[in-house]
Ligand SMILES: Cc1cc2nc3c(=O)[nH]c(=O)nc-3n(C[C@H](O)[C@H](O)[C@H](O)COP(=O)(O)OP(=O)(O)OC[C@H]3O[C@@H](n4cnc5c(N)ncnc54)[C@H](O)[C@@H]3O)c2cc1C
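First comes one chain, alone, set out as structure tokens in the form predicted alone.
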């Protein structure tokens, strides 16, 4: 940082490149995190783990599991670095437990002048409040301290359910389960639901063969073939989707958290996700379904719906409101712009907030209106990085000059 400042260069830290946006792009110095990894300290009495910023989430999850510990909640992909994941708002689904950023209890930042600042709820709290989800605009995260708890078991119940039933019972399904999510398959009336709840045990993991068939052969191998067919022959998408949705089957298993929350995702795609007020979610989803039905879009990827409770992070997509996430995807190499543009118009009509690491077209003018604490964040940015050492084109668009 000091050398870059002396040379008048801008700086960005990059993680694993998981984001779909140019949030980490720079024409200056790009800091890569491979050597800034590993668990530095586990404090069982405090219930915390201190971890270097470049540590991949899967390494963190495995290290915690080996110590009989776990994060409370997590997303369904764990290839990102911890700093990249929190900086862009990575989240899973939860009735009461929130995003990764909301589980942070302390941070270490390298600021634009090369100084190191540690922050928490009691130490530089105004920086801590915002930097938990900072888009790389406030400094380079060098270390993260998460709250952790003794490892527990989750029972996952996955089953197909008709679209009408899921949408009608959505509020009840969210209220009755610690973690509820579902996928709707465009061009069909079919959904796949997943309910994760804590269990007294015993552990009953998926049998190895069943897990491989479901997660590798079907969810990745066969799905890859279906998507490739749809890209080559778009007219095949609706009939194949109807067949696929009818082939869904139920399964139940019990395991440690990261083996339930996360799953392999090997089929490449492009994604847009919006966070809408939870009470508006099913209306927005029905509008999206009607859009697909009246259009000539051919969508081979399911639409994912998850939830999060309100949190107190200024730029969190769940800041100040109970939230539902609606994510649309298209197979890589398939034209996505018309579908995403139409879906985005539905989400923004409901006051939607775009995921910071996924495709969207919003700018600071729009975002200022849907984030009540937007000015609080930008004022802190002005103080910590007045010369925009950490700036780039993406931040100029979403945060302003």
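Residue numbers count along the first chain shown, from 1. The shown structure was predicted, so the numbers you read here are calculated from the model rather than taken from an experiment.
Just so it is clear, the following notes concern the form predicted in complex with the ligand, a form of the same protein that is not shown.
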query	finding
Close approach of residue 354 to the ligand in the predicted bound form, 4.5 Å, heavy atom	no
Heavy atom of residue 300 within 4.5 Å of the ligand in the predicted bound form	no
Contact flag, residue 384 vs the ligand in the predicted bound form, heavy atom cut 4.5 Å	no
4.5 Å heavy atom contact, residue 14 to the ligand in the predicted bound form	yes
Heavy atom within 4.5 Å of the ligand in the predicted bound form - the one residue of 314, 94, 190, 136 that qualifies	136
The unique member of 76, 169, 159, 178 whose heavy atoms fall within 4.5 Å of the ligand in the predicted bound form	76
Region of this chain that lies against the ligand in the predicted bound form, out of 362 to 370, 39 to 47, 334 to 342, 22 to 30 [heavy atom, 4.5 Å]	22 to 30
In the predicted bound form, residues of 73 to 88 near the ligand [heavy atom within 4.5 Å]	75, 76, 77, 80, 81, 83, 84, 85, 87, 88
